[in-house]
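The chain that follows stands alone, in the form predicted alone, written as structure tokens.
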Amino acid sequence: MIFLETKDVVKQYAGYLALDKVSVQIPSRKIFGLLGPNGAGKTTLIRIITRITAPDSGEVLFKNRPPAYEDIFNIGYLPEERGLYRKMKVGEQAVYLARLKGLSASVAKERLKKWFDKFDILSWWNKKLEELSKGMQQKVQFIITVIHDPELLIFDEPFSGFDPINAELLKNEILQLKEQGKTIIFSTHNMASVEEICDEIALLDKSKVVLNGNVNQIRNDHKQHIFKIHTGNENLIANGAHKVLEQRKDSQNYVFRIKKDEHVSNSEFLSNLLKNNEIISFEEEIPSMNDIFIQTVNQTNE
């Protein structure tokens, strides 16, 4: 089921085309990666989805219908640029912001204290925000984003500034939210995070969608028939069906990176290797999302 869809969305600012007929489909209960270099149009698209601004043309559909006023209360948005009040007490402003999202003061306080305890920041409830480290401030903003239990969550660079331990904590919380049935839009430049948590992605460049689909399928579609082989043989024998890209010796074996002839099947290639070599391990290299990101954007810019 498609939770949210944009159809041919166009947005222009003073002669600058920020979005050029952008169409994406965000499935329910999945984590959708919204990717792209700086200035590609990601933040503009998020602002249109959250109704901070409106498209010049095209449309946004929630659950296959036009958005309604009450839909805004069913969205949690963590922007890249954080926006809490530095001189205000942490708990006080958290309750205030939760009430803006429709919670009563008592419910807001109850939920917030559970989250603060979970993130080990309850002792900072009566501290001013400026007394907290950047990481603790970001934990507070994350809690405020999810406190009203919305169906759609939008995280823009949520791991920015976090140390590895707290980044892992936040990643696990996002995955738990998905397990609870939330639909999540995840915007980041960290491609390793995309591989770890995203189900599908859309890559924007120069205001257009240049790549979209299932993460695993995209990685498989970009395979280049490159294999890493550990063998006991100093010279690999493969009857000309490959090109050696790299050869080295580790502590025990010889390691080859080879590019297989694409017209030769994997099973045929492996069978040939086993006949002529002592194969210890055989693994096809699947390109990373980082490599695919760079390759796709470079192709767009050629």
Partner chain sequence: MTLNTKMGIVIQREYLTRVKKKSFIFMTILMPLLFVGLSVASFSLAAIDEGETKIIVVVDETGEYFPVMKNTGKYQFIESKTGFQEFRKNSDEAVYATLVITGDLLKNPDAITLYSAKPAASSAEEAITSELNSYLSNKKLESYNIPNIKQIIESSKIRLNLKFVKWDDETGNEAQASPETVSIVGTVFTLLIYMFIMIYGGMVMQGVMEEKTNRIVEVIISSVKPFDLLIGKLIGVGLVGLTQFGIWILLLLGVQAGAFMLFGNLEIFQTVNASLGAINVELVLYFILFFIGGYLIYASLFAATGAVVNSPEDAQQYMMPITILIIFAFYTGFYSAQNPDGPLAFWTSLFPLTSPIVMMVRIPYGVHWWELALSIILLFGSVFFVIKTVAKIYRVGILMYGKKPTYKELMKWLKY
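Predicted model, so just to flag it, every value in this text is computed and none were measured. Numbering follows the first chain given and starts at 1.
Missing here is the form predicted in complex with its partner chain; even so, the following discussion is about that form.
- None of 64 to 72, 247 to 255, 265 to 273, 26 to 34 except one has non-hydrogen atoms within 4.5 angstroms of its partner chain in the predicted bound form; the exception is 64 to 72.
- Residue Glu92 is the only one of Asp163, Asp149, Asp221, Glu92 with a heavy atom lying within 4.5 Å of its partner chain in the predicted bound form.
- This chain lacks the partner; the member of Gly232, Gly181, Gly83, Gly213 within 4.5 angstroms of its partner chain in the predicted bound form by a non-hydrogen atom is Gly83.
- A residue is said to contact a partner when one of its heavy atoms sits within 4.5 Å of a partner heavy atom; Tyr77 meets this definition for its partner chain in the predicted bound form.
- Contact check for Gln137: every heavy atom lies farther than 4.5 Å from its partner chain in the predicted bound form.
- Residue contact with its partner chain in the predicted bound form: Asn277 places no heavy atom within 4.5 Å of it.
- Among heavy atoms of Phe159, none comes within 4.5 Å of its partner chain in the predicted bound form.
- Residues are counted as partner-facing when one of their heavy atoms sits within 4.5 Å of its partner chain in the predicted bound form; in 1 to 39 these are Tyr13, Ala14, in sequence order.
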